[in-house]
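This document starts with one chain, in the form predicted on its own, laid out as structure tokens.
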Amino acid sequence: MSKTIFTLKERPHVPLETEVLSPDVIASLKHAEVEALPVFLGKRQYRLADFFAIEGDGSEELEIHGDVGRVKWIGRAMTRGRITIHGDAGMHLGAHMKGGTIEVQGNASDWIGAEMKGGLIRVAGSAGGQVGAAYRGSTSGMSGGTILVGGSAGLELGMRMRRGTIVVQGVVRDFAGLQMKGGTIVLLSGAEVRTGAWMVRGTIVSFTPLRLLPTFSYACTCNPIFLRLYARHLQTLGVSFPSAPEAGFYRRYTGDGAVPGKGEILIWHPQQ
């Protein structure tokens, strides 16, 4: 398959808005049309070619080189195709995404996968805050798709998410699963404080002990079958965690009782 290659000429001094960097926009365009696509630096409109050296005609596979940590909205609302970023990525990566794959080989900034509905986002490094979250004033965060973070993640991970899966290898900061309404968050290295605050529904799984809010109540020990199915699926994406009954068990807590909510937090305890 042919691909379109973008190489950042120079890191912009203020965030550059590039909603056009999406397979849905670029796939059917010729080289000159891709170069002429509009982008915004502050209040001024420029051509995409003013900031990127572009190789090839448009395609459904985009390859981006350089530190695009100040380049916003890459892959916004994309429905198909693939974007590979060889470096860091900026804010709102894959926001409102409906399908396709985004892979970041460095770190990513805030709001990645915000309100996404489908597709896969994989970040090799760390992510900022509000991963898969709802925008301010919105009632729903991500409602489908998968986000995988190889490093740590910031505040309000999965805020108000309804469906979908978020997996973080490193430690997550405060308010993971804030006002969560559904979906699954897997914390392979745990989180800081206030995990699941005002949680209504959904599942948070932690493989490291958590300091829970007092509004969560211990329910039982268990080893849910659905988590074994999750483990098999995530293993195909390169994520592994213990799931066999003989390896250990989960302590199940329900809450947040302050709402009151019917969410659950499952904390893994390996067999001694």
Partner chain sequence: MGGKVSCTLGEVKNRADLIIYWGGNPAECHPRHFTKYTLTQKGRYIPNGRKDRTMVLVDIRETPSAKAADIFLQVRPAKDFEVITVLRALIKGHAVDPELAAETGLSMEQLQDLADRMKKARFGVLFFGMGLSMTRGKHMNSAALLTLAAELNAYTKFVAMPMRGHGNVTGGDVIMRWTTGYPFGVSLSRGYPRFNPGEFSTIDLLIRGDCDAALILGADPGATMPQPAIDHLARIPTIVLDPKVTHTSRLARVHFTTAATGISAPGTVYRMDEIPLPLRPALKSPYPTDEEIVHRIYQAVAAKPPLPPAVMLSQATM
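What you see is a predicted model; the values in this text were computed from it and never measured. Residue numbers count along the first chain shown, from 1.
Keep in mind that the form predicted in complex with the partner chain is missing from the display, and what follows is about it.
Within 4.5 Å of the partner chain in the predicted complex, a heavy atom is found for every one of R44, W111 and D256.
With the partner chain left out of view, the stretch that reaches within 4.5 Å of it through heavy atoms in the predicted complex is, among 70 to 78, 146 to 154, 118 to 126, 99 to 107, 70 to 78. The partner chain in the predicted complex is not approached by K9, whose heavy atoms all lie more than 4.5 angstroms from it. Residue contact with the partner chain in the predicted complex: N223 places no heavy atom within 4.5 Å of it. Using a 4.5 Å cutoff between non-hydrogen atoms, P15 counts as a contact of the partner chain in the predicted complex.
Taking the partner from the other structure, the partner chain in the predicted complex has a heavy atom within 4.5 Å of a heavy atom of R194. Along 167 to 185, a non-hydrogen atom within 4.5 Å of the partner chain in the predicted complex is carried by D174, F175, L178, in order along the sequence.
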